[in-house]
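Have a look below at one chain only, the form predicted on its own, in structure tokens format.
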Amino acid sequence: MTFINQWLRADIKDIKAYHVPSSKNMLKMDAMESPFGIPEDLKQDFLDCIAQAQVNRYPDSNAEELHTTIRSLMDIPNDLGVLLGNGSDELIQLLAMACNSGDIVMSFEPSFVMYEMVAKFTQLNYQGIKLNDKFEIDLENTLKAITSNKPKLIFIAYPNNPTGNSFDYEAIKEIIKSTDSLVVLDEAYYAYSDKSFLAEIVNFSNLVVLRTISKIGFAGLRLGLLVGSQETIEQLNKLRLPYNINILTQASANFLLKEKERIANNAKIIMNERSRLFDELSLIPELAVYPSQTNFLLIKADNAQSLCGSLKSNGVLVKGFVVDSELENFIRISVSESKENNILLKHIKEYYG
């Protein structure tokens, strides 16, 4: 037995690492990134801003200016607390760290894989509740599972990844009311959805809202935020490592996130393209396209695995799913700008003849 196998926690050996496929020289439509980079008219000012960052010093541990910028961008009331993380993944892990070993983490399936992965990392027990055949919450079964299993954390992606739909608002409120669990509404795709639970935080002491700037154009900055009551955030902040938001992220985000109107306009472009893609792909008989409140589309496809391979061979990377999983006959595509979407459409139409 090697040293690492002898030394390593036994359950970690059974965990598969999160796989990120190579995207070199590919049209990247697999990871829900925004196609919009830094606009030409901002580039020089942005570079000047970055040049002023004192990389020889630790960053502001409380990221006070960034807090102000984020509150303004997302209209977060001052009476709520905000906790910043190195991406929302760090905040998911931080929430898990607040639990006792062996506590139950609950979410829905299919949904964001990091809820289960982080539960395993932190020696918690994960329970997935199956969505129905329309990828909606089965409220009756969910409430029964909550009553019998008494989870410590419940993650609800709203809208959901990878299905793209927003669950019934009132059903989620019933879930929050039914439990003493901390319910985490993960609103990673808030910019493309018409509803949010941000205003409900004042009504439910066991509710927090998780967001990220990754889907609105800034995935490379790795910045997420958790919004909750002042008391909740104050306690959770004890688990945050100091200086977790580096100085270049703080400088970049403070500059770029002040472009509130531009960010909103970019989101509108994506939503318009989402509607166009939905309509055009729905005309292909071999495809079934699911409604979306996100910046991606879930598509059931004849020969989905083969289609993924064909697109990849033509330089287009989309998300496929594991064979023998419930989504093996699906693909997920990120909505991009018109030019890139047209390339995708061309290759899919050619594939199906």
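For every residue, the number given is its place in the sequence shown, counted from 1. All of these numbers come straight from a predicted model, not from anything done at the bench.
Another form exists, predicted together with another copy of the chain; not displayed. Remarks below refer to it.
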| query | finding |
| --- | --- |
| Another copy of the chain contact in the predicted bound form: residue 73, any heavy atom under 4.5 Å | no |
| Contact label in the predicted bound form: residue 158 to another copy of the chain, heavy atom within 4.5 Å | no |
| Residue contact check: residue 238 to another copy of the chain in the predicted bound form, 4.5 Å heavy atom | yes |
| 4.5 angstroms heavy atom contact with another copy of the chain in the predicted bound form for residue 153 | yes |
| Interface segment, criterion being heavy atoms within 4.5 Å of another copy of the chain in the predicted bound form, picked from 192-200, 173-181, 269-277, 126-134 | 173-181 |
| Listed residue (281, 114, 263, 143) with a non-hydrogen atom within 4.5 angstroms of another copy of the chain in the predicted bound form | 114 |
| Contact residue in the predicted bound form, chosen from 67, 312, 28, 319 - any heavy atom within 4.5 Å of another copy of the chain | 28 |
| Triplet 12, 46 and 248 all within 4.5 Å of another copy of the chain in the predicted bound form via a heavy atom | yes |
| Any residue of 215-235 that, in the predicted bound form, places a heavy atom within 4.5 Å of another copy of the chain | 215, 217, 218, 219, 220, 221, 222, 231, 232, 235 |
